[in-house]
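Okay, so here's just one chain, in structure tokens, the form predicted alone.
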């Protein structure tokens, strides 16, 4: 290709100028010229056009591209705090003696978990919602702000979440929210039961069972719920049709549903803790606690262990596979009135007749801090974001930053009701606290209580009926067996050596030989007549008893050590036997100083 002359360059100045006008704007990492006054712009443009034309001609000659390198190559770095947020435990240290296939499997799983951790930390930026909060003016306590003021200040949809249901005829009321947070179930002491879609205020069913109702609880979906009536346990559908009457479960007081195990745990006035498998309709376990009336109950969402409060001030932890409590803790000097556990399974909050409110670290079973409430707390509930609500009489107090080492401070919010409070529950994924009392039900706005972002594969508040059916089938396939409920879920990934040895012995007895035993020694075949039958037998005889020789040597060494110990003990006894009580009056011989 012929080189371009200066004449051609000057003739194409206008054309190059037009091309420069169509050029895209420069990026922030590209070099930019300093701004010059408007008078010199006309002359400088021509010079720039000429220089750009020369540069382009030289690059075209060498077949080079005009793109510049990215000054920030590679992926963007991830902050360490976000990586710690999505950390899935410590890395497993592979032993050097492990099998090569085991090493490769562990390394691949560790790489997958690390990749998932990084991806979750990157996509954390896409979560659209943030947790709310309540902030007062200067020198203003947030606990003095009323619910009417909050409802007037927020938008219409949020303000509609504060409402009252006046049901003074059949109270006091227990309540329960579904796992998705859209449906509410209330049950009055005098037999009134109703379930509603509380956000749209649509009534799903309402009935009077004409019997005392002690507790109500949703099951795995909003299509079924359980009612603990005076005599037996009843299960209804969302339209109020009675599905089952379980007469094995009688005199029930409280209930808890374990969603991943499909277990309904119940406590009775006779001191029995019973488990019902909802998927197959069978009783899994019936444990006699021998602790008297059981009217204080909660579950640990982390490991599905049931916590029971007793009249002697103790709290016991139970699993369906054991007839004895896993742990017993002395928490109060008087009877335990209420208890609750946070969603991480780390902290437990209890209240008793001694008017004390205590926060425990379940990992170490130690008290972090305690405080004295004026009238004591009859009901406790923890939100998804760690807010604690405590009911004292007809007043509800909400505390902030109570979990941890910091002591209990003044309440974050407070609200007075008309009747005695009988039940408290936070609505999942909403800044709402449901209160059941003697005059009906109250929905209270608590900013910062709910988790703003939900897992659509687990609990989706906006799922359709088709999605609910698919989720139910998947959850039944992934159901966790009750035998796996224990204090430390991490033990499930470890090997049970005792059961392994027992199974190995049973296998040896069934087969008649040890399949894991080392293969017998086989000498190599040698050429030139050296692998004759006689030579092979000689080699086998030399190697045959090596293992036995090692065992004999070890046994001889142990025997000699025992004999030495016995001889030393006998010598000491002889020395003591020769001595008499008068030997202490003998004159001692001291070494002479030189």
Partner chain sequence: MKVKVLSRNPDDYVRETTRDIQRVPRNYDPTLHPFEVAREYTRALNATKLEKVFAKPFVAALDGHRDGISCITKHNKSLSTVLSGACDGEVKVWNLPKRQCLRTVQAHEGFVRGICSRFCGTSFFTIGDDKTIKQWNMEAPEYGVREEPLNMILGKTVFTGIDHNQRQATFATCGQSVDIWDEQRSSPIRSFSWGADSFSCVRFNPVETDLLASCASDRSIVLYDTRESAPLRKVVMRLRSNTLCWNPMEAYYFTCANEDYNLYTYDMRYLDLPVIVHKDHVSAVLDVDYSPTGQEFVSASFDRTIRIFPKDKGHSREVYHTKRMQHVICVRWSADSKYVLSGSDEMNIRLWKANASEKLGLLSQREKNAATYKKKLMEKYQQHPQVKRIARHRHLPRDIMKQRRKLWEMTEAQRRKQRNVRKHSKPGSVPLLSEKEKKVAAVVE
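This structure is a prediction, so every number in the text was calculated from the model and none was measured. Basically, rigid core = biggest C-alpha set you can superpose within 1.5 Å across the two forms. Residue numbers count along the first chain shown, from 1.
The same protein also exists as the form predicted together with the partner chain; that form is not shown, yet it is the one meant from here on.
Residues placing heavy atoms within 4.5 Å of the partner chain in the predicted bound form fall in a single listed stretch, namely 84-92, out of 84-92, 274-282, 216-224, 392-400. The partner is absent here, but in the predicted bound form a heavy atom of 509, alone among 210, 330, 203, 509, sits within 4.5 Å of the partner chain.
Contact with the partner chain in the predicted bound form, judged by any heavy atom within 4.5 Å, is made by just one of 421, 150, 341, 359: 150.
At the 4.5 Å threshold, heavy atoms of residue 304 reach the partner chain in the predicted bound form.
Contact annotation: residue 455 falls within 4.5 Å of the partner chain in the predicted bound form, judged by heavy atom distances. In the predicted bound form, the partner chain sits beyond 4.5 Å of every heavy atom of residue 172. Not displayed here, the partner chain is kept clear of residue 250 by more than 4.5 Å at the level of heavy atoms in the predicted bound form. For the three residues 162, 241 and 414, a heavy atom within 4.5 Å of the partner chain turns up in the predicted bound form in no case. Heavy atoms closer than or equal to 4.5 Å to the partner chain in the predicted bound form belong, across 263-292, to no residue whatsoever. Comparing the forms between the shown form and the other one, the C-alpha position of residue 243 differs by less than 2 angstroms, with the core used for superposition. The Cα position of residue 483 differs by less than 2 Å between the shown form and the other one after fitting on the rigid core.
With the core held fixed between the shown form and the other one, residue 509 has its Cα displaced by at least 2 Å.
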